[in-house]
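Here we start with a single chain on its own, the form predicted on its own, put down as structure tokens.
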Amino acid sequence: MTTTPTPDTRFDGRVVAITGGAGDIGLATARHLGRQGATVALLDVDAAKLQAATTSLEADGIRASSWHCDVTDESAVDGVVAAITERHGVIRHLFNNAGIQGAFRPVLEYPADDFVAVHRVNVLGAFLVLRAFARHMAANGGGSVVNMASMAAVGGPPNMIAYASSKAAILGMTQVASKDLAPHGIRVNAISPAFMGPGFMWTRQVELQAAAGSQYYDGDPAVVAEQMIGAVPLRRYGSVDEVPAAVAFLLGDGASYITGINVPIAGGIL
């Protein structure tokens, strides 16, 4: 006798905000949560990609809305929280995912303007988003947050000082926020993906590490790809579709006694 699987509706009736929602990981997470009943509000600075992402979700029967927002603009972030609330009601969950990778250069050559730009989006933007949504959650009975960090924060990859240090800041932000927001019933955790592919980010990273010229990677992107995969115990890069389940777990009630931690999604890299 065959049985029909019970639908997973753990986020039924809940509103989840996702920054960087038009990107690969943001969209994959939105689709995963939407299939579990969530109403997903996607925030992104790229209006065209944002609309396309929302349209694709709606075509799958997922309740979704798009919000053009620069996460480094304090008034814009505060305004979009109010606008999402007006349309959908109380926001219980946040995936604080927006970020940029920046240049690949050794420290002696790293451009200061790029360093500032990366930290402006990845650190200031993440803080403004976290604070705005946490204020809303604190006033409405609590919630949960997942911040996007990276294994770059703990592994110290060469030629990535801006990105690695910005993601290290996210880990510190997560730990402090988990303590400050605990009295308000808000849990804050982080995830740290390592090599994710295929796609733009994987190809860009391989090509730019090859071009950076260092003792750590070959000058041929194909060889660099092999070197990176060789550093992963599972001997493959991860798929963006392997990220959303971890986000869903940390946001959901199954993780109700978990806060202040970082979960590597890294194929065994420590």
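Numbering starts at 1 and runs along the sequence shown. Because the structure is a prediction, the values reported are computed rather than measured.
The form predicted in complex with a small molecule exists for this protein as well; it is not shown, and the discussion that follows is about that form.
The partner is absent here; in the predicted bound form, the one residue of 207, 218, 241, 46 having a heavy atom within 4.5 Å of the small molecule is 46. Contact with the small molecule in the predicted bound form, defined as a heavy atom within 4.5 Å, holds for exactly one of 174, 144, 72, 159, namely 72. The chain is drawn here without the small molecule; in the predicted bound form, the stretch among 106 to 114, 188 to 196, 84 to 92, 130 to 138 whose residues come within 4.5 Å of it by any heavy atom is 188 to 196. Shown alone here, residue 201 lies within 4.5 Å of the small molecule in the predicted bound form, counting heavy atoms only. Shown alone here, residue 123 lies farther than 4.5 Å from the small molecule in the predicted bound form, counting heavy atoms only. Taking the partner from the other structure, the small molecule in the predicted bound form has a heavy atom within 4.5 Å of a heavy atom of residue 100. Taking non-hydrogen atoms only, residue 22 approaches the small molecule to within 4.5 angstroms in the predicted bound form.
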